[in-house]
Ligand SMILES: Cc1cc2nc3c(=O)[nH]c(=O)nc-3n(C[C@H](O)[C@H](O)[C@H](O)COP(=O)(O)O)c2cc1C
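As a starting point, one isolated chain is supplied in structure tokens, in the form predicted on its own.
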Amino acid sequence: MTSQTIPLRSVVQAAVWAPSVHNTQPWSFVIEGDEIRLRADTDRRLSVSDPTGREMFISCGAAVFTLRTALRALGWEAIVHVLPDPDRPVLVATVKPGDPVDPDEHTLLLHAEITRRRTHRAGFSGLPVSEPLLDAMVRHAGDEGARLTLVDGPAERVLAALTTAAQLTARRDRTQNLELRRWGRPPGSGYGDGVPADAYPNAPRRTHPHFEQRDYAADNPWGNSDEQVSAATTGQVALVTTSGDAVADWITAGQALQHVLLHASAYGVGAAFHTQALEFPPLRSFIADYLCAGERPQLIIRLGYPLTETAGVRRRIEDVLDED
């Protein structure tokens, strides 16, 4: 079995559509023989807000799940080794085809959403996400070794308040502002990474409770002016948690996240990410102790039905892939 008999390049092409913090796409790939190697690109790590690389490895974990899904959709079981070499800490995983399989309906459902899924950066419509769909997302996170906990009531208001406090604090930090500006793209930008100017509303309405958004426009008059983008409901708040907090746990969280997001996307549900509070260690510890039953919070997300779609941008495969 060789890379000539299985289109591994197309598998990598799918993986680049995984979600990543600020759309930094902090990864690179190598195809050698029948093996794909996924490496974390530390030059794209957020050195100020993500000094440990936690969010970078969560992003890479989402790409690992996408590799698995794309390979299985092509009819091959994925053999995955996470962190296979202790001497190469940026080697996140190796993935290679195993036995032929008939892709099941769920795999094909997820695969169809890889390039359709989008990150949402505003409020949602008032249509609630159904309990069966939420239950399925909870189950899929568990399948990957993480936990998706649905949050409402007082806990929801606490997370909203902490998110807003963290965002307002970050806005007063010059170094964090400079780092964020690196990934906020002006209108007409030709970059294949970062957050495009039409990917968020220029005057978002407040939700109740309100989860403050990041200022990718850096006080410039950028953003989508369509009023529909600024729908005013919070959606379903949820926490992605893991029992541990090592690099392997962060990768697990990323795989669980992508499983949840692709399944949600198949039913028209989008997700907004809020990592601001988790970037402040005291706030993250507070959330762990009081809202996560001692588990480690990896992501705060909101789930709901967006009213409009935004275009996604990704780097060219030639910029992220080395082939033998």
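Keep in mind that what you see is a predicted model, and the values were worked out from it rather than measured. Just count from 1 along the sequence shown to find any residue number.
We do not show the form predicted in complex with the named molecule, though everything after this point is about it.
Contact with the named molecule in the predicted bound form, defined as a heavy atom within 4.5 Å, is made by all three of His22, Arg117 and Leu257. Contact with the named molecule in the predicted bound form, defined as any heavy atom within 4.5 Å, is confined among 55-63, 286-294, 262-270, 32-40 to 55-63. With the partner removed from view, the residue among Arg185, Arg214, His140, Lys96 that has a non-hydrogen atom within 4.5 Å of the named molecule in the predicted bound form turns out to be Arg214. Put simply, of Ala166, Leu74, Val195, Val247 only one has a heavy atom within 4.5 Å of the named molecule in the predicted bound form, and it is Val195.
At a distance threshold of 4.5 angstroms between non-hydrogen atoms, Thr275 is in contact with the named molecule in the predicted bound form.
By the criterion of a heavy atom within 4.5 Å, Arg314 is counted among the residues contacting the named molecule in the predicted bound form. Interface membership of Arg121, defined by any non-hydrogen atom within 4.5 Å of the named molecule in the predicted bound form, is confirmed.
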